[in-house]
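The chain below stands alone and is given in structure tokens; this is the form predicted on its own.
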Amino acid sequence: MGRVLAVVSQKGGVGKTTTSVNLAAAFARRGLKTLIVDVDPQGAVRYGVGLRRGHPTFGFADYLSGSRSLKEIILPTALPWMRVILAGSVTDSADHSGFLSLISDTAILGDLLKTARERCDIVVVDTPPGLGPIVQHVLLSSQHAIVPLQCEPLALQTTPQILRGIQEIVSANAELTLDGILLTMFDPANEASQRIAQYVRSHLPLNMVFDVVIPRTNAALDAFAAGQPVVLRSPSDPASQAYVNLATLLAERFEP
């Protein structure tokens, strides 16, 4: 039985999707059968996961509505061991209420993640910002969670909300573990970035913050713009190496 890893954050723009995509790619490069699932209506995973040109755009929303089968929405990537389920047609709509209602009122999302666990070693789920019904349902079906935290003040202010939310979910899902907070977009030349990192490490339990830090690099930005994980496009880049190190740490934790 595999593990479901939820990547969650209270605030958008903190590197959540970049983290999801690169961790999934790093797991797959280790030979782990990996599936990345995008349940964020913004659907950003499709831009950075390494899909082939002209790929289908249907995904989870279409399976949720019954218009596509599970087999149809599982798409190949450039990595033999990595598959992806995109957000699907919900990304083309300004109204996400139907998508939210189906997730809230049915067990489809939980059942999909359970099935994925049975077929994969690791299932990485990219979630929307906040603690709405989508994130709650994902956490209820997950064994692990990480929280990307951009090294800037506003992201820091919203972090306690997501930590409280995860703690509440644990009471209903005893399998769920918060593996840690991941500092992202760290710039060692920026004093504010350094202060945020120091503050987080001094005010939270040591085992709650990963030693691995994701630096802000041009290669990471260029890779996403090119539609590829940075761990594939620029393996020697510091951000790439950080994601590989984090994947190694997590894979060791996930071993039975």
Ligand SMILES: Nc1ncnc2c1ncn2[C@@H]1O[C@H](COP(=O)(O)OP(=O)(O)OP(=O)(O)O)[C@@H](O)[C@H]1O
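On a predicted model such as this, the values are computed, not experimentally measured, just so you know. Residue indices: 1-based, along the sequence shown.
Beyond what is shown, the protein has a form predicted in complex with the named molecule; the following relates to that form.
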**OP:** Tell me, yes or no, whether L221 is in contact with the named molecule in the model of the complex, where a contact means a heavy atom of each within 4.5 Å.
**Re:** yes
**OP:** Look up in the model of the complex whether T217 has a non-hydrogen atom within 4.5 angstroms of the named molecule, and give yes or no.
**Re:** yes
**OP:** Find out whether any non-hydrogen atom of P129 is located within 4.5 angstroms of the named molecule in the model of the complex, and reply yes or no.
**Re:** yes
Original post:
Using heavy atoms and a 4.5 Å limit, would one call V14 a contact residue for the named molecule in the model of the complex?
Top reply: yes
Original post:
Which listed residue (L182, I162, M185, I122) meets the criterion of a heavy atom within 4.5 Å of the named molecule in the model of the complex?
Top reply: M185
Original post:
Between the options T57, Q42, Q198, S67, which residue brings a heavy atom to within 4.5 Å of the named molecule in the model of the complex?
Top reply: Q42
Original post:
In terms of non-hydrogen atoms within 4.5 angstroms, which of the given stretches 201 to 209, 27 to 35, 221 to 229, 187 to 195 touches the named molecule in the model of the complex?
Top reply: 221 to 229
Original post:
What residues, if any, in 88 to 123 have a non-hydrogen atom within 4.5 angstroms of the named molecule in the model of the complex?
Top reply: none
